[in-house]
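Quick setup: one chain, the form predicted alone, written in C-alpha cells, and binding and motion questions come after.
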C-alpha cells in the first residue's frame, strides 16, 4: 500500500494535468470509424463516431439503405445513449485528474486509474455489443439471405463486394495517451 500513501513530484502533477487536458480535447475528435469501399463506391462510404455524435450522415443514409438488403437494422445516432453520457464521464475524469494535480495525493491517482480501467473495458464492450447486435440480428425476411456475423472492432472484412476497414481514430489515441501519462506519473514520478 506504499503507492496509496505516496504523493507526486511536480512533474507527476503536470502529467496528470496534461492527461486531464487530453481527456477534454478527445471529446472534439473522432474515436472510431469505418470505411466501406466497393466498385460502385470507389471513394468509400465513411461512418465516423465522435463521443457526442455520428458523422457523415449522407454516407450513413446510404449505408442504412445498403444494410437493408441484408436485413441489418438501421444505424441511428439517437439510439446511442452513450453519446450523451461519454462527454460527461470524460469531464468528470478530467476533474478527478485535476484533483490529483492539485493535491498531489496518489491515492486519488490510483482511484482515477482504476476507474479509467473500468470505463475503458466497458467502452470496448459497448462497441463490441453494438457490432454484435447489428451483425447477429439480421432480418430473416431481408431481400438477400446473409449469414449473421460480428464485424471486427479493428481490422478489415469483406461483405459481398464491400471491403470494410474499421478502427480507432485520433480521439481514442488521445484517451490512450492520457491514460499512459497517468500511469507514467504514478509509476515514475511519485515519492
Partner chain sequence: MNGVKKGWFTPLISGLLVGVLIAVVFFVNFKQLNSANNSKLGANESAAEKTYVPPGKLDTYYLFASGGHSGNVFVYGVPSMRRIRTIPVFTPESAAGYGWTTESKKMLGKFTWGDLHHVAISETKGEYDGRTLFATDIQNNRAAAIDLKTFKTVDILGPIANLNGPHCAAFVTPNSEYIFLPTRFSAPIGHEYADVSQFKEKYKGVMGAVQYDFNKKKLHLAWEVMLPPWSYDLSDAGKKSSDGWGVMSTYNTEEANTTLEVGASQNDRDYLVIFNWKGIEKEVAKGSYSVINGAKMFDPVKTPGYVFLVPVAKSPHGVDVTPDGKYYISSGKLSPTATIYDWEKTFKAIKNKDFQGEAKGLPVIKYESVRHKEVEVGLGPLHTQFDGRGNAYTTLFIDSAITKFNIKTGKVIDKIPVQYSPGHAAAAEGDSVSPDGNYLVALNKLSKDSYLSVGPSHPESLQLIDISGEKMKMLYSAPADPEPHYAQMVKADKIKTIEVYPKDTKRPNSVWKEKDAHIVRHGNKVDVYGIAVRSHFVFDAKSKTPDVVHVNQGDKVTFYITNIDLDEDITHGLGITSYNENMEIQPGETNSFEFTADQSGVFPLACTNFCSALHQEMTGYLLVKPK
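The structure displayed is predicted, hence computed values, not measured ones. Numbering follows the first chain given and starts at 1.
Heads up, the form predicted in complex with its partner chain isn't pictured, but that's what we're talking about next.
Contact with its partner chain in the model of the complex, defined as any heavy atom within 4.5 Å, is confined among 22-30, 126-134, 145-153, 53-61 to 53-61. With a 4.5 Å cutoff on heavy atoms, residue 46 does not count as touching its partner chain in the model of the complex; it lies far away. Contact check for residue 65: a non-hydrogen atom falls within 4.5 Å of its partner chain in the model of the complex.
Looking at 32-47, the one residue that comes within 4.5 Å of its partner chain in the model of the complex, counting any heavy atom, is 41.
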